[in-house]
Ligand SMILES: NC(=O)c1ccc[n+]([C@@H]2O[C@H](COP(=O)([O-])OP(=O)(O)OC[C@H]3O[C@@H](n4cnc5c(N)ncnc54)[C@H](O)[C@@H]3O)[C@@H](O)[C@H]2O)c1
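In the block that follows, a single chain appears as structure tokens, in the form predicted alone.
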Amino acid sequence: MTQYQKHCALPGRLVMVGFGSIGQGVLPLILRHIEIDRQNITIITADERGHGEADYFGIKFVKEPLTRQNYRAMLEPLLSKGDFLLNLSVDVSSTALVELCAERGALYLDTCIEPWPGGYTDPNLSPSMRSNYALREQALDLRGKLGTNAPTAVLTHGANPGLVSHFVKQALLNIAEDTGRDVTEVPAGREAWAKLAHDLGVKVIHIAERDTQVSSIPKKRGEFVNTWSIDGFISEGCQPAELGWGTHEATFPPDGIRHDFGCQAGIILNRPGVTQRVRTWTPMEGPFHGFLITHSEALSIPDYLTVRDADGKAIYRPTCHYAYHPCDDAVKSIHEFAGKNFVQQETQRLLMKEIIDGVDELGVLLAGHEKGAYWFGSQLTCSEARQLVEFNSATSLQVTVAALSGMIWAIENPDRGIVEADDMDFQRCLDICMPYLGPVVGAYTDWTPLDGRNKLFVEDVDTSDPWQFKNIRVV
């Protein structure tokens, strides 16, 4: 029997809120790498999904949706100092749970900042207030209320957001080394990392992902198919397209909206993310069009890497956004969903056991520096993911092992208050994740978003700088 390293111990209780594909996939990793009594774990979730998996591991399963009205009554008896709340739910307010954990002395981690139901699609809210920018600002505002020494609450630490922030730091070091810079001392703190990105001349950071996983059962009409949370994907896709806005950008989008509050690291486009595509590149796929889906890392990374002058004005910031090509059945599902004016299909199917082939190629593309563009990330096949950890696909394992690493870091650093992936020890998190990511590769390319343009039709492009967003955006 394989002996796995126990990275840390959790003597208290673990409450898992939500038990979809990520909850089911992370549970065996938690039991494998964290010393914990199974009797101390409780799953609270809104539906029956995963009940059999919970029984398989001998974990208490409570089917009870958390609401504004009942979440305190449900959770307070289960949380005290030294306990851990792992939030993998949708439609449960992340900020409400963070505050509750701080009051109870419990640790916290989520993979996405969620509002209560309707927060993503309330027509009474402006597009700005429906954005991840607003959700992130609201969550970070709690730092002032809770204090920097509060129980550690790790925000948005799955694959992306989360793992990709650690990829960015490793990619920056790799580029620095490959361009003859001294990297014997790893930058310490956000100012040093921002200076390195500035000195390297990184203009653009894409979270560039191509999912090629294929099901044995084709998508049917009236069905939304995906390799991860369909509710989560639809929620993100209906939010405004969103990106970190770089200081090198010469042309502001005609449908762009600046926020009138917060750090000013990002903007939104006045359209849903599932309707906006961008040009990007990964080593296995080459160039492709991905969806500009909103994600918190598109804000936290450029915010973290901003360089300011003595007056506080941003003098350097990279443009940063997600560029996501989901599995082909999900693309068909999005096309149908948008064609019905964003009315969700009656049937959902989360791909897991029926996946027969494919890779989730997830990484970061750093571009505009002297070597052109550099992609660094994971090329995990579904077959390898299944061999590594039961109840996982390539997509889920990249998320679940990142969530595990964030939990371990929080247990090892229990009094850091509210943190994002960018604030954490990237090397510690990568050390935990690497055995589960398949081939982790770095690749340079001379591809730019101007390649092959202006051939069949005249296009409005900026030839003076390939890495302008107007060149990357598909119109």
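None of the values given here were measured: they were computed from a predicted structure. Residue numbers run from 1 along the displayed sequence.
Note that the form predicted together with the ligand isn't included here; everything after this is about it.
- Although the partner is absent from this view, Cys112 contacts the ligand in the model of the complex, with a non-hydrogen atom inside 4.5 angstroms.
- Taking the partner from elsewhere, Leu31 is found to have every heavy atom lying beyond 4.5 Å of the ligand in the model of the complex.
- Of the heavy atoms in Val90, some are within 4.5 Å of the ligand in the model of the complex.
- Though the partner is left out of this view, Ser215 does not reach within 4.5 Å of the ligand in the model of the complex, counting heavy atoms only.
- The three residues Leu196, Ser405 and Asp423 each lack any heavy atom within 4.5 Å of the ligand in the model of the complex.
- Look at 414-422, 431-439, 61-69, 34-42: in the model of the complex, residues with non-hydrogen atoms within 4.5 angstroms of the ligand sit in 61-69.
- When you look in the model of the complex, the only residue of Phe224, Trp228, Phe391, Tyr304 with a non-hydrogen atom within 4.5 Å of the ligand is Trp228.
- Only one of Asn160, Ser300, Ser378, Thr319 lies close to the ligand in the model of the complex, with a heavy atom inside 4.5 Å, and it is Asn160.
- Taking the ligand as positioned in the model of the complex, the residues of 5-25 that bring a heavy atom within 4.5 Å of it are, in sequence order, Val17, Gly18, Phe19, Gly20, Ser21, Ile22, Gly23.
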